[in-house]
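First, one chain by itself: the form predicted on its own, in structure tokens.
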Amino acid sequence: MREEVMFWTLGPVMVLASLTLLFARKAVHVAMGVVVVMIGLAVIYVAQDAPFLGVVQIVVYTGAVMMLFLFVLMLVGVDQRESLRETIRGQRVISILAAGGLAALLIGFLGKVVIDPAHVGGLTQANAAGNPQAIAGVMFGSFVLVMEALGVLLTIAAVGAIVLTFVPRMSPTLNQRTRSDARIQGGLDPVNKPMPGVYARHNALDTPALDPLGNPLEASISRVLRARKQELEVPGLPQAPEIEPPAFDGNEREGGTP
């Protein structure tokens, strides 16, 4: 009775979630619908005295495989929508015929299934040696080829995601030596800019650093703070000259780009 109530409760929810594969416009919504279906399957497995399958469904498929799918969707782009324009003539008709043929094949197989009551021992007999042992015997005994094929398909899918998200560089990679040479040729310091000053009662970005002679270093204060006149005045020290903002004429845009 418990299994029947849970099945008829979770069944409609899983069917509605599976319909996102057909009617959802965004790939992320489709992935979340599949997650709901997988969680419902895990609950049904546990209700059918198959706790190992339920845990595997949650940990492996919902927690690992589907998160991998979501990660791939984030890399490829979640805002992209599939184009409804047919690139191959008649592909909708072909897909409908193929789906109908597959449905007829499955119905034909299910109609010929015969269950002998003499061989029905329930899950107690099947799980006599343990639920994980029984599942391992079936998966890696009668269906070992199917399991290996699924492993190969998942590996191909992961490699394909990496290939799709790979973007070739438009310029060569700059190493540290190249960057240093470019700074020297441009008249800049070969090292990083000096950090702001540190005093006993003040330590902030608006405090200038001092050189060995005790003079403030202009490069230690951000040009933005200096343009806003937010530089801290230190008593007894000469201040760096103010930076005048660039002149604005009518031929330039508001952002400063001609």
Partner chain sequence: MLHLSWLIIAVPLASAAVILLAGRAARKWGHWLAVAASATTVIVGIGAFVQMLGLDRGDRAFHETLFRWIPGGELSVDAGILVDPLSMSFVLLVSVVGTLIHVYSVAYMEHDPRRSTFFAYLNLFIAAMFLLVLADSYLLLFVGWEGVGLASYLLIGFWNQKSEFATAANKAFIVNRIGDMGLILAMALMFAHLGSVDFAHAFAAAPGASTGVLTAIGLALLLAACGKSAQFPLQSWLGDAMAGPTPVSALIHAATMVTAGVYLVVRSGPIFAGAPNALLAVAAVGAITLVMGAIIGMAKDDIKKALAASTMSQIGYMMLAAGLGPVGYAFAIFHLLTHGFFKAGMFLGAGSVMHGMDDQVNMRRFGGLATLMKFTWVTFGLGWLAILGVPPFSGFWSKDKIIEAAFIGDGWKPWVFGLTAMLGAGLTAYYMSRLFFMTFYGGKRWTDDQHPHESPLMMTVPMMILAAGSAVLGLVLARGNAFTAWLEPVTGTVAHGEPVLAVPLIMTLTLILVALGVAAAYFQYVSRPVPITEPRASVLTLAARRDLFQDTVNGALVQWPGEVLTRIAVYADAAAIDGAVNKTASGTAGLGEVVRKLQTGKVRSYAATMLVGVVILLAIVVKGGR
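Positions refer to the first chain, counted from 1. Being a predicted model, the structure only gives us computed values, none of them experimental.
Keep in mind that the form predicted in complex with its partner chain is not shown, yet the notes after this line are about it.
Using a 4.5 Å cutoff between non-hydrogen atoms, T87 counts as a contact of its partner chain in the predicted complex.
Of the heavy atoms in K112, some are within 4.5 Å of its partner chain in the predicted complex.
Of the heavy atoms in Q91, some are within 4.5 Å of its partner chain in the predicted complex. Contact check for A99: a non-hydrogen atom falls within 4.5 Å of its partner chain in the predicted complex. Taking L174, I184, A129, L106 one by one, only a single residue has any non-hydrogen atom within 4.5 Å of its partner chain in the predicted complex, and it is L106.
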